Every structure is written in structure tokens, then in C-alpha cells.
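Just one chain is shown here, as C-alpha cells, and it is the form predicted on its own.
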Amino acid sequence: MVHRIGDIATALGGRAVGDIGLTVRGAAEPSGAGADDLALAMSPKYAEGLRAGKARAALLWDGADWEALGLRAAIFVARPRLAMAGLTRVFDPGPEIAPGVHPAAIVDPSAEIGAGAAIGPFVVIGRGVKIGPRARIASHVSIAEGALIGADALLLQGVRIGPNVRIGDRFVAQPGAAIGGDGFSFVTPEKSGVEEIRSTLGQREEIREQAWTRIHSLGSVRIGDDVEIGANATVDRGTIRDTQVGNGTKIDNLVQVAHNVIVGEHCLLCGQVGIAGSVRVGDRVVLAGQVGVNDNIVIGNDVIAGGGSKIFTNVPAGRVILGYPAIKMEGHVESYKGFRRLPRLMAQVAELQKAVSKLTKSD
């Protein structure tokens, strides 16, 4: 698809200069851009790349001399990274899913499919399912009985939606996401070793044979509007009440949200985050990659946890944490500095011991 520079600038809320009628077909990094590409050069460090490439137009940093860079047109925006969101939306054609219901799809007669929906091959839609208008469902998706999915949803290949899951509008699920599987809940007839060490912090009176009995999941999952879930991420159904994910929350690939968890609005859960059962996560919380969260704790609003942090206790609102166990970020940084100094400190102690030993012998 061809786009005019002036139209792109309008879509981004930016300012176009030069030949605003110039057309482009795609976006590219500056050094690899062709004549029909819009080069993305949003920092002065990309100037050399622009000269190496063949772009005639570029998205530039504020104050750039576009004519000196050999361009015929340029777009300037107030916040380049935000402009990337609009720009990629302009150029993204989306997945190819033919309108209507594919002949190879299996749709229960009781299911309700909204107007303008597109359902691909080998999709299975169960009893009593409701799919909102303009939903797009790619191949090999399964939606279990009683599920409800709002308007303008996009479910990509192999997504699994469990029974009675409730999902709002504009939901996006990447390939392999699984929403509404059973929670990981098991119990032993007598007090288990895990329960014992929770109370004793490591001490065990005896070790005995134990067998695990399943606790069934009677709840489901409720997801708000504008939620996105990454490839092979999982959100488990609740034991009695529903697991919940709030409006606007974005969940990355390979994230695990366990049973009974409540995630607030506009959170970011980055790759390989694991949240154990019955955790409450506030609004606008950011958990960076590989953060682990212990069960039955509360994370307040606006918390940011650095990558690899392990959260074992409640976190008050607004705190920035890091480490294992997670503590205030500034405390963790100071502790790490101290750890780095240990070899030098030990060498100094050894020298002092030698000096003291010599003084003792001389006495």
C-alpha cells in the first residue's frame, strides 16, 4: 500500500516538510532504506546511516537539517517513540484472515458470531460462545463452551480460550496463548513438607511419603478491554472466583499468571514473568523480564520491578525494586557495590592480620 508523506504526518500528529506528496510503501532502518521507504532516523546517531541508504524521506529527530541530509521530504514529531506506535499501525496490514466463517471451521450451532467477524480454518468454537463484531480468529484456535469475546478481537494461530472465560473489546492474543487452563492446585492428606517449611523457614521434623490430590478449578478468567497477551503466555482460571486481568494490561511472551491472581489496569508483565496464586497486582505496575512473585502477596500501584527480581513480600505503592530478594533499588545497588568490594576488603583484612601477628611475635 502506498502512503503520502503528508498523510503519514497527519496520522502521527507531526509536521511534514518538503515534498509532502511524495509516496512511500514501507518503513526501514536508515542504512537499509530504499527509495520507496520511509527511513526511521529519530536520533542524530542515524545521520550516517541516512547517507548510506537510498531513502528520499525520513522520520527525523527534532532540529535535523533534512535538506543537508539529501532528503526530499521529512516528518518531525514531538515524541519519536510514541510516533512509532502510530507509524507501525499505518504500515501493518495485519494477518490474512478471509471474511466470514471458513468451511473447515467447526462452530457449534448455539454460538453467536458478531457481524463482520472473520474465522479461519480449523477453528473450533464451542457451545454458547459469543464472539463480538469484527473479531478476527486465525487458524487452529479453540474457544471452549460459554466463553465471551468482545468486539474487534484478534486471536492468532493456536490460541486456546477455556470455558466461561470473559474477554473485553480489542483483545489481542499472540500464537499459542492459553487463557483459562486449570490452576496448579494440589493438597496432601496431612500437612505437606512445603507447608511445614513455610512456618519453620527450613526446619523439618520428619520426611514422610506424601501423595498430591487435585483441587479442581471452578472459577474462570475475566479480562478487560484493550488487553494483549503474548505468545505461549498462560492465564489460569481461579479455584472458586475468577482470575482477573484489568483494562489495558499488556502481557509478554511466556508469562505465567496463576489461579486467583488479580492484575490491575495498564500493567506491563514482561517476558518470563511468573506470578504465583492469589497475588494482587495494582494498577500501572511494571514487572520486567523474569520477575518472580511469591503467592498471596500484594503489589501496590505504580510499582516497578527490575529484571530478574524475586518478590517475596508485599510491596508498597510507587516503590522501585530490584534483586533477589527484591528490595529498594538504591539499596540493592549499594549492596552490589559492597559485594564487589569484598575481595579487596578481604585482602586488606589479611594484611592487617599479618601485621597484628608480627606485632604479637615481637612482644
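Rigid core here is just the name for the largest C-alpha set that superposes within 1.5 Å across the two forms. Heads up: residue numbers just count along the shown sequence, starting at 1. These figures come from a predicted structure and were not determined experimentally.
Here the subject shifts to the form predicted in complex with another copy of the chain, a form of this protein not shown in this document.
The partner is absent here, but in the predicted bound form a heavy atom of Gly158, alone among Gly158, Gly264, Gly150, Gly224, sits within 4.5 Å of another copy of the chain. Another copy of the chain in the predicted bound form comes within 4.5 Å of no heavy atom belonging to Ala115.
Another copy of the chain is not drawn, but in the predicted bound form it has no heavy atom within 4.5 Å of Lys54. Although the partner is absent here, Gly94 sits close enough that one of its heavy atoms falls within 4.5 Å of another copy of the chain in the predicted bound form. Of the heavy atoms in Asp65, none are within 4.5 Å of another copy of the chain in the predicted bound form. Residues His266, Cys267, Leu268, Leu269, Cys270, Gln272, Val273, Gly274, Arg284, Val286, Gln290, Val291, Gly292 are the ones in 266-295 with at least one heavy atom within 4.5 Å of another copy of the chain in the predicted bound form, listed in sequence order. Thr10 shows a C-alpha shift below 2 Å between this form and the one not shown [criterion: core-superposed Cα displacement of 2 Å].
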